[in-house]
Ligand SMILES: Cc1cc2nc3c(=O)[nH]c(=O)nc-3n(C[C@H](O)[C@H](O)[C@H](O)COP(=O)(O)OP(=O)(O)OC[C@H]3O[C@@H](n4cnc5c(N)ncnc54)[C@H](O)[C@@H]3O)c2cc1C
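To begin, one chain is listed below as structure tokens, in the form predicted on its own.
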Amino acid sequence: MTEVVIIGAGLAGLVTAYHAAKNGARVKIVAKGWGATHWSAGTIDALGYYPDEKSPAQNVFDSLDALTHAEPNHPYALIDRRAIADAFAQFAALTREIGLPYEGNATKNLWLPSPVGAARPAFIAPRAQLTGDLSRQQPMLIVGLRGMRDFYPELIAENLSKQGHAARAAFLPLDTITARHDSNTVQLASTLDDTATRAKLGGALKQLVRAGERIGLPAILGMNVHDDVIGDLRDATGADIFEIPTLPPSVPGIRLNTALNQHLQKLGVRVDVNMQVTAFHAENGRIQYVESETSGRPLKHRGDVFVLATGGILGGGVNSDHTGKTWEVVFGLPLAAPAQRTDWFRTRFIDSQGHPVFRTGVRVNRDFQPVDANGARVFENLYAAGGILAHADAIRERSLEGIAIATGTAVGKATADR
């Protein structure tokens, strides 16, 4: 049985672990902390815009074809179209298996309201956000809790109205669900796991909603019994209910992360978080082990295959200094990066082409194995997946989770087959 050590517990690491374990490998994840799921919207963004932020991807796969043709080094270009589609389909099936189903429109993006009322593209989304799809003509009632931080229903409704969507705003007092005056989103979501609390919220919402409206609420609708919360509020109001993502911490992202981790544990995957990998040992071109810090001597993690899924320059997998030097933090891998610090950013802060520094990352071959500037494989048993890969500006493209799932699926299957 192949032993796979994955460094990084974000979506790319978790998806890699799932496919490696499903294909017979013994898998261990070692990570400094959780990944971007805790501050993302909890949706899966495959490709929102191409070729610039003013050009929405009307058909995601047609836009992917155009992207991979124009950018042959992009991570998506290393996988054929059918395999990318299969990876998304397998992820959707996985979410059904773990009890947190994600759905979408097969080839087109959903357009969901952001925390400020903008329309944001998402390829697949949890059911709790689907009802907010702006392609639907149904009017919206956006409800906030007065005293809750960073959720402003009047701003959301006003911006939605300016875009031609029927929306109005309303407030409920925070003590409808909690007596605490200063709670974060996770704490508020936990209060709604209580049956009596959500019954009180349901009764208050029924007094506000008008016939034919759907109700948008901050994404706090339960931590552990999310489906029950949605169902009870729908029953109490007679209206469709949807969540609008909030600022971090992201309850939808944490739900996804938690459900995936619980499923991985059932598959026998060991997940060790709060273990930062600080060193490694290689012989004859093969990595023998990586080391993480402990209170005593470093802890060695041995395996047959290692996967780097530490995220890119925004995720901590790549570091930099004021001189313009950039480096990959675990193995010191060669990077594709701007040659000088003056090349990091374009002149305009919001530039349609993005900023070169955000495309910094590890070069890989078509097997997702890191290579040097000449295309030579660096280590015989090392792979990379997700945001650490070079030649993608995932935030600008709205492709962060899509790249994680597509490359994590490919790498997970490849490592298990060794």
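What you see is a predicted model; the values in this text were computed from it and never measured. Throughout, we count residues from 1 along the sequence that is shown.
The protein also exists as the form predicted in complex with the named molecule; that form is not presented, and the subsequent description refers to it.
Engineer: By the heavy atom within 4.5 Å rule, which residue out of M223, A170, I287, V329 makes contact with the named molecule in the predicted complex?
Structural biologist: By the 4.5 Å criterion, the partner-contacting residue is V329.
Engineer: The named molecule isn't shown here, but in the predicted complex which of W34, F379, F358, Y49 has a heavy atom within 4.5 Å of it?
Structural biologist: Contact with the named molecule in the predicted complex is made by W34 alone.
Engineer: Taking any heavy atom pair closer than or equal to 4.5 Å as contact, tell me whether A410 reaches the named molecule in the predicted complex.
Structural biologist: A410: no contact with the named molecule in the predicted complex.
Engineer: Can you work out whether G303 and the named molecule are in contact in the predicted complex, taking contact to mean some heavy atom pair no more than 4.5 Å apart?
Structural biologist: Residue-level check for G303: no, no contact with the named molecule.
Engineer: Tell me, yes or no, whether S40 is in contact with the named molecule in the predicted complex, where a contact means a heavy atom of each within 4.5 Å.
Structural biologist: Result yes; S40 sits at the interface with the named molecule in the predicted complex.
Engineer: Would I7 show up as a contact with the named molecule in the predicted complex if we use heavy atoms at 4.5 Å?
Structural biologist: Flag for I7 set to yes.
Engineer: Any idea which of 314 to 322, 105 to 113, 196 to 204, 260 to 268 reaches within 4.5 Å of the named molecule in the predicted complex, heavy atoms considered?
Structural biologist: Looking at the other structure, the answer is 314 to 322.
Engineer: Mind listing which residues of 82 to 109 have a heavy atom within 4.5 Å of the named molecule in the predicted complex?
Structural biologist: Nothing in the stretch sits within 4.5 Å of the partner.
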